[in-house]
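Below you will find one chain, with nothing else, as structure tokens; this is the form predicted on its own, and questions on how it binds or moves follow later.
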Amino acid sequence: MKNTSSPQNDIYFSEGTVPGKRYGKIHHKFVIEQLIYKGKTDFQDILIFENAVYGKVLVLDGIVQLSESDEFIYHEMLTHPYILCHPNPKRALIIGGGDGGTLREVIKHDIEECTMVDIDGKVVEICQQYLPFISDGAFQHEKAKVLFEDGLAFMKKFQNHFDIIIIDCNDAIGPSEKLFSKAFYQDIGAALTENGICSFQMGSFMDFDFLQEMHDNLKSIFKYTTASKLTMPCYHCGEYCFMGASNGLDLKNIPAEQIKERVEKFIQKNSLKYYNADIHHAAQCLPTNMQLK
């Protein structure tokens, strides 16, 4: 079949402002089939468009946050591998996550409440309007408490309170940059309960030196840390790193049979597309050139 498309006439979004050594040197281009939304809040630029391969795509400050085709990989891997390490989580906190995907996954667990704090209420509003399949009603769930505040200041209010804390933010740019500081990690440590667990979106393995710095910061605060690798097709240089930390639970060495039992029980009640017991352990097996010290 003859290809009648004309690349010269296509309208593109070009992602070239990812922080680190890639900034301005590598451009990740998407053909925009349909522009859905373009605007600016008090904190950041927002773009939503349709792409033939990825479906609907959300962009904040020039960086792709998610796509309809693979967002479940990100949201499942940021939540379940860490929550299921905890024997009895009751109170969860999400910093960021304005699209609602992380909240959607957290409330699937047998927790009492999940507080979500995002500095930009406009992002939540726009995502509910144009990307409702991401949150899937999570913002209206009885377990959910949504606040529009500065996450950095919010964290300082609590001591020994949350069993799970998830940092779901953009890369280290704009309003998210301050969420990658050692001082913030110290506040997280103080806000966690004795066996509390925190998880972080850290960025691309292309910026290995940055990941090592963040890992060093976590190791200086928490007794146990772990790093996982996942592939996000829609992301710029798609090998991405999540990290977890705890002062009470050795996240790397929770017995495989215990994890399998918890995961299988959870999956019986909840439909997942990516995460399973095998992925739980395999994701922590980093290639030699990606191993963090």
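Nothing here was measured: the structure is a model prediction, and the numbers come from that model. Numbers follow the displayed sequence, beginning with 1.
The same protein also exists as the form predicted together with a small molecule; that form is not shown, yet it is the one meant from here on.
*Asks:* Can you check whether residue 178 is within 4.5 Å of the small molecule in the predicted complex, heavy atom basis?
*Replies:* Judged by the heavy-atom cut-off of 4.5 Å, residue 178 is in contact with the small molecule in the predicted complex.
*Asks:* Evaluate residue 44 for contact with the small molecule in the predicted complex, applying a 4.5 angstroms cut-off between non-hydrogen atoms, and reply yes or no.
*Replies:* Residue 44 belongs to the contact set for the small molecule.
*Asks:* Consider residue 189 of the chain shown here, and say whether it contacts the small molecule in the predicted complex, taking contact as heavy atoms within 4.5 Å.
*Replies:* Taking the distances in the predicted complex, the answer for residue 189 is no, it never comes within 4.5 Å of the small molecule.
*Asks:* At 4.5 Å between heavy atoms, is residue 89 in contact with the small molecule in the predicted complex?
*Replies:* Heavy-atom contact with the small molecule at 4.5 Å: absent for residue 89.
*Asks:* Is it the case in the predicted complex that 76, 107 and 241 each bring at least one heavy atom within 4.5 Å of the small molecule?
*Replies:* No residue of the spot touches the small molecule in the predicted complex.
*Asks:* Can you check 81-89, 107-115, 206-214, 164-172 and let me know which stretch has heavy atoms within 4.5 Å of the small molecule in the predicted complex?
*Replies:* Stretch 164-172 is the one.
*Asks:* Considering non-hydrogen atoms and a 4.5 Å limit, which listed residue (155, 123, 218, 144) is close to the small molecule in the predicted complex?
*Replies:* Only one listed residue qualifies here, and that residue is 123.
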